[in-house]
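One chain is shown next in structure tokens, namely the form predicted alone.
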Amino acid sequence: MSDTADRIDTVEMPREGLAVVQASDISSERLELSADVVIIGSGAGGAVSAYELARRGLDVLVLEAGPYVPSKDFTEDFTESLETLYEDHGGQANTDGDLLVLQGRCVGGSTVVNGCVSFRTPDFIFEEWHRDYGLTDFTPESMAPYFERVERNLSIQENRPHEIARHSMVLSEGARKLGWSVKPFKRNIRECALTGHCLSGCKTERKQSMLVTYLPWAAAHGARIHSDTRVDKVLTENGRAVGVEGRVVDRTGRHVADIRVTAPRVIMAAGAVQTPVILQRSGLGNDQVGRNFACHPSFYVGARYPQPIHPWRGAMLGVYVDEFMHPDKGGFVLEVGGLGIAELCMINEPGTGKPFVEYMQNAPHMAGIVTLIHDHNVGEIRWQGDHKAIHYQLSDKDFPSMMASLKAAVRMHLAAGAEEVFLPSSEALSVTREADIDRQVDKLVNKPQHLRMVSYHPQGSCRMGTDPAHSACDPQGRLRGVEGVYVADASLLPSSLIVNPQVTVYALANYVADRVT
């Protein structure tokens, strides 16, 4: 870390919102800009990089493809938020169409629309990186200063008793009856307002997303931020980065201007789907760019309880079960999460007509569990000439973990007193008693369009490592084959984390920024 790493800067915040150049501010058909560093993306990796480099005195320019939506304009309507704050309006999916890949696409990126869950990288993941990818510099001890720094800056702390909502209290009791380890989450939030609208952006600005922390801090050190700006290519000359080019496109899709930025350093922080796509369009990097994509394929396992739960009330995420986290114990995590009406329609087959009405009438009695597995980087991101493609199928190697996580979630619901647990499949399946868990879950097979999966954590498509034959970036985050291009987002992760990755990405981005020369 830099020698000023422990200093907490005092910055002057704008009177209202964040100073962002938007499409509506541009009157010319072509923009020509220059900077010491141009950063593509304003989420976890881009914002931390911007701040750390700007405070060193570098002239930093951040380009964000999505719009700038100030907190006061968040609607707390999830269906509307999908349209305005998410990649592909919430419809980004794999080529088979059975895995929804949710990513933020706005100033602040996914940090604006995530659930605030804050884990450090598990120790066994560092051991895996050391053993399989030669990353000996990454250990719990060496990364501790980075974790401590972001945890302090983002007010990360464990949920207090009043932040454990009813859905989490009920399911905690189920886990305890089973003798499983259950713990409160740590979250990056200050004095949670308990509205449960994390996925639609925090209107009260209590969530310490990049929109209200690192980006304003970077701007206070002179960083410039442009929204509505889609980078098409990274430009190079004689094997070295010289800038980027792209387009400014407004919210209606209208092409407002072309943009070209001259800069000797380019930091890729557009996320694990967009970063490899931009590099492929640019013809940069080795054949590992886009490969080794992982995504924590998840189920949302909902259940109906005899008593009202009101899953949309209180803090969205309260507790998690880490009993099975280590790969030797199953390799999955169970997270108790609230949900709203829109999510209720997405998690299983609610039927149509009268069955749908009956299902929705039970909404106040529902609660849910999210499963996360440690998948094995079997996916690939490709630019197909005019569109991106996310090639990801749940592997036969990972299918047993998915089923084990599902059975555990069902068991936890039933132990907590649920009357009926709905299975996340394309056919209407449910479980009402423990004796039926294996028989019902074993009906599920690993074939396209059969399971309802969601990914909240795309990662690993430009992974770092010491072997050029199996990594796109070196251990410093430098893209192989070209000078001056760095990767500082979840693309870098050599293997899936099994836990929510935002803190790891913050720490890695700080680590990479410290090594930008």
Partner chain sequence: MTSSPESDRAAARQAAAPMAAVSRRRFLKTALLGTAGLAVVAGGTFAVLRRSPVDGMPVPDGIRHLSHSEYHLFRRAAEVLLPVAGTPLTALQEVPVVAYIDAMIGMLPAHLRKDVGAGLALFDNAAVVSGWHGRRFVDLDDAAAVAYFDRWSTGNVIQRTMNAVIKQFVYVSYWRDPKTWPPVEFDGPVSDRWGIAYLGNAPLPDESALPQTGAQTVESRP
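Positions refer to the first chain, counted from 1. Since the model is a prediction, treat every value here as computed from it, not as a measurement.
Beyond what is shown, the protein has a form predicted in complex with its partner chain; the following relates to that form.
Of the candidate stretches 266 to 274, 179 to 187, 324 to 332, 152 to 160, only 152 to 160 has residues whose heavy atoms lie within 4.5 Å of its partner chain in the model of the complex. Comment: its partner chain is not present in this chain, but in the model of the complex one of V242, M169, V249, L194 has a heavy atom within 4.5 Å of it, namely L194. A heavy atom within 4.5 Å of its partner chain in the model of the complex is found for exactly one of K203, H130, H376, K233: K203. Though the partner is left out of this view, G283 does not reach within 4.5 Å of its partner chain in the model of the complex, counting heavy atoms only. The closest heavy atom approach of R382 to its partner chain in the model of the complex falls outside 4.5 Å. Shown alone here, T466 lies farther than 4.5 Å from its partner chain in the model of the complex, counting heavy atoms only.
Looking at H221, you'd find a heavy atom of it within 4.5 angstroms of its partner chain in the model of the complex.
For the stretch 334 to 350, the set of residues having any non-hydrogen atom within 4.5 angstroms of its partner chain in the model of the complex comprises G340, I341, C345, M346, E349, in sequence order. Relative to this form, the distance between the C-alpha atoms of P350 and D77 is increased by at least 3 angstroms in the model of the complex.
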